[in-house]
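As a starting point, one isolated chain is supplied in structure tokens, in the form predicted on its own.
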């Protein structure tokens, strides 16, 4: 069975931030879990590298756009390496094959009558690379960038998104294209039912972009270019209609299409559910099956902001806690799909309670008792710990909670049986209890494999060794 999972590709005008890490770690966990069930998984991530904002950021850094993008793409790859993320492909929108496919697709869209030329006047936020309507603004400012959009008028090509309004509404309402959590589905449907307008898909004065094949004076609007990465990341060449299916029979990677799951933050679900889906429906390419939309982190109940200096960077997390613990902390603070509040203090407290005092203490006590009292030789009793029904439903937080409950049960079981005394007073009973505990540790280690791959490997290597030893401390306490 094939399974295709994507993150959005990340805009390179900035360094990788905590939101990027949250989405990508979650995708990696789901991909690893699916692989562990015997599925053939393709996991795509990458970088979005065109547009006015990137060109300006490169200029500010005294670099040409290509050098700037190369450096930023490396920073994203390095970040994912630090978190132990194993993607199938890392796509860049400046890849020659991607650019060629985008041009081929836009030509087909033009020939199908979905693109027309007009003049556009509106409020443009360069931070979002989007035109805004007054209702999008708070006190005249873009809520995401706290800047006043520029009033712009320019010649532009438009995608006739309005023609697809009813089709989009029907497919989302019926769950043919599933959007979860349900409040995000309702939000998207409300937006679509309010009336979709045709959207500008080109800029005449932005040179750092993909030229339109039918008018080289215009470059493709960055969102249109970026969305097509989900196809080009599989080796798609821009073919549509019957040619798409012919290509699919030749290219095994395209067998993964359509995506089983697209993960994204809540600020970009609207453009995915309208522009992205509209592009696919216009040219009869099967749409994704599921969008799952997660929330934002605040820091001490404040929105993270570089200008306020209250940002936690991904590399700071891995440096302080290590890769596996950082993965655990990112995903265990709040149900996936909801907003969450974090702080260095909360993370240190959770690390100490759940990992050092919880999992680390459990493995240390049990392995030590087995090594000292049974020469490291005990057979594990099979123990159940099923999180499959939760992981299938993308309940990552609840899966970790279920594993935590098993750890708490095992630590309590040690204390209730006073195993340290039992092994001296009733050796056989002590063996039986430790056998159950060892079985629980094996089950915990296996369940943790997608979340904390290196820690899981260490736990299982010790638990399944011919001669069990206490070994090194897994989680040194953080003061």
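Residue numbers count along the first chain shown, from 1. What you are looking at is a predicted structure, and each value in this text was computed from that prediction instead of being measured.
One more form of this protein should be noted, the form predicted together with a small molecule, which is absent from this view; the next part is about it.
Student: Have a look at 189 to 197, 259 to 267, 393 to 401, 135 to 143 and name the one stretch with heavy atoms inside 4.5 Å of the small molecule in the predicted complex.
Tutor: Result for this chain: 259 to 267.
Student: So, residue 355 and the small molecule: in the predicted complex, are they within 4.5 Å at any heavy atom pair?
Tutor: Looking in the predicted complex, residue contacts with the small molecule do not include residue 355, since no heavy atom lies within 4.5 Å.
Student: Residue-level question: is residue 226 within 4.5 Å of the small molecule in the predicted complex, judged on heavy atoms?
Tutor: Within the cut-off, so yes.
Student: Whether residue 230 contacts the small molecule in the predicted complex should be assessed with a 4.5 Å heavy atom distance threshold; does it?
Tutor: Heavy-atom contact with the small molecule at 4.5 Å: present for residue 230.
Student: Just checking whether residue 28 would be counted as a contact of the small molecule in the predicted complex - the rule being heavy atoms within 4.5 angstroms.
Tutor: No, residue 28 sits far enough from the small molecule in the predicted complex that none of its heavy atoms falls within 4.5 Å.
Student: Kindly confirm or deny that 98, 110 and 238 each have some heavy atom within 4.5 angstroms of the small molecule in the predicted complex.
Tutor: Checking in the predicted complex: none of 98, 110 and 238 is within 4.5 Å of the small molecule.
Student: Counting non-hydrogen atoms within 4.5 angstroms of the small molecule in the predicted complex, say which of 304, 115, 385, 281 makes the cut.
Tutor: Selected option: 304.
Student: Pick from 327, 72, 294, 203: which has a non-hydrogen atom within 4.5 Å of the small molecule in the predicted complex?
Tutor: Here the answer is residue option 294.
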